[in-house]
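Here we start with a single chain on its own, the form predicted on its own, put down as structure tokens.
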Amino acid sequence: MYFAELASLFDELTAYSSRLKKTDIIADFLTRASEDDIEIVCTFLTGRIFPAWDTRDIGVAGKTLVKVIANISGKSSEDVIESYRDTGHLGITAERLLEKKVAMSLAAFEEDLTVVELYRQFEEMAATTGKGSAQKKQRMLANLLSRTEPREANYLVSLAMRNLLIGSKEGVTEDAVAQSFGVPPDAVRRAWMLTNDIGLVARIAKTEGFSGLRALGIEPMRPVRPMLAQNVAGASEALDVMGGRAAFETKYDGARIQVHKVGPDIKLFSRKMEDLTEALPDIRVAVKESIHADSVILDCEAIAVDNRTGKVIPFQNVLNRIRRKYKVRELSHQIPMQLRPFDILYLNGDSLVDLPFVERRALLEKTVVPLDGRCKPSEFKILDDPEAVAAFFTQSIDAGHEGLMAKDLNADYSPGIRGRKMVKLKETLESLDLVVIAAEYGHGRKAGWITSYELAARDEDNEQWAPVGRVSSGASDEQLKELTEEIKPLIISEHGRTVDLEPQIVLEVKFNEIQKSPNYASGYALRFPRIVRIREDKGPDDAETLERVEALYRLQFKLKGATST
């Protein structure tokens, strides 16, 4: 399949807003796709280059693409940046500028680009590291873009930036796979949920049908998306949601870690499915000594402990440990980590995700042998009395933790789903995890630091970032320095003290209330926002949606009405 054919599909998808129409278009296209192409096509349809579980990254920054587009179009980098400020999207900028380009001589001697070839080139970029790698990637991208028409260039750049604007949400691709190959949508959804790989699911649906999909499941060494929780106001609401009785666990102020073990081999993955194995040698040793299983997948929280006091130290310190690539062992002595497994998904060749939580918990406690404080199951109680829940909550807060998790005793484990089978009770005020889309340098004492950040939520309907305000308070000098260093490689353009960024950094932000505002494209603004912490464990796909911002805005009036009556 030529990439031009896939670009035509993307064109057609952008022309319609109807979910059903998009599903029909994709389903028809997939029936004509070969086995070699279908995995790549379906992964590309989700805006990714590699499957969600795959930790590879092509490592191409926005500034690199600006240089490549300038080179291919015959324009200056300043021209590209000016166009980007107008379009807000480098793919659209590439299309605009390349429409006016004179075809490069290279294009006359190259065959048309195929989907498989593009994917192989992306694989090579991901494998290219070390000295000279940036220049090599630039040459590879220039070669690829020189072989495309302007519209194709838009989609190629969009894929490289993971910002494909075609309105094909995950659910649309799922439904299209089901329709194309005559299998139940629920079977496709479940297979994707467990494998974290829509391309694989599509290929199996095409070649093996329903029976093949049913055989797919979670596997050790292939991370799955974590099950997620909703917030509740307190003990009574948690018990109401769970039917009057639930499992309550300590909610630790740490980092979500997924442990995979097969024989002597151990892998540790973050919430974003990054491989953290080398960064956490102390956790790896604890798993080796504590986990009694031939093969296992555990959902856990990693916490940091103060060597002198034995007390849990804040989340940001946990992230400092996880981020470090050098002097890892030295730092593991300064900030020792402990593991608190709280769920088990796989054990000795069998998937456990369909078992009730209470049965999984029993298997967890048999599998994880407590190892001092270094590795032991999360603190756990089955409760049905709001006062007992409140007492457990206070105990958790006094110990330096965030609060409690409440879990339905009969619930299965649903990877990637945020439902009410699991809810959280926290002491802190409402907060939002938002993406930084632009920023501004400070002045005076902070002249060299980036100190003000424009925040945005995900507008899923329009596939855009919806700004909801700026934040410039709450961060320490150390955090400002850290943010400045993280932001610099993400800068696409600068104008005065303001910089436009690739949307990669997530900040947790508290606020007093949400207001209607004509000043931001979202229609909303946060009042008195302040930074709580940098969410290194979250990526842009984990950021809050505009729908949630709107829901919180409406909830404010309900709460005010309840208070006034």
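As the structure is a computational prediction, the values presented were derived from the model and not from experiment. Heads up: residue numbers just count along the shown sequence, starting at 1.
If you look for the form predicted in complex with a small molecule, you will not find it shown, but the lines that follow are about it.
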Looking at the partner-bound form in the predicted complex, is R203 within 4.5 Å of the small molecule by any heavy atom?
-> no
Taking heavy atoms and a 4.5 Å cut-off, does R420 contact the small molecule in the predicted complex?
-> no
Report whether the minimum heavy atom distance between T250 and the small molecule in the predicted complex is within 4.5 Å.
-> yes
Closest heavy atom of H260 to the small molecule in the predicted complex, within 4.5 Å or not?
-> no
Looking at 402 to 410, 144 to 152, 388 to 396, 282 to 290, which one sits within 4.5 Å of the small molecule in the predicted complex if you count heavy atoms only?
-> 402 to 410
Candidate site F342, S378 and K538: all three near the small molecule in the predicted complex by heavy atom within 4.5 Å = yes
Since exactly one of R256, K272, K169, K267 fits, which has a heavy atom within 4.5 Å of the small molecule in the predicted complex?
-> R256
Only hit among K424, R190, R225, K137 for heavy atom within 4.5 Å of the small molecule in the predicted complex is K424
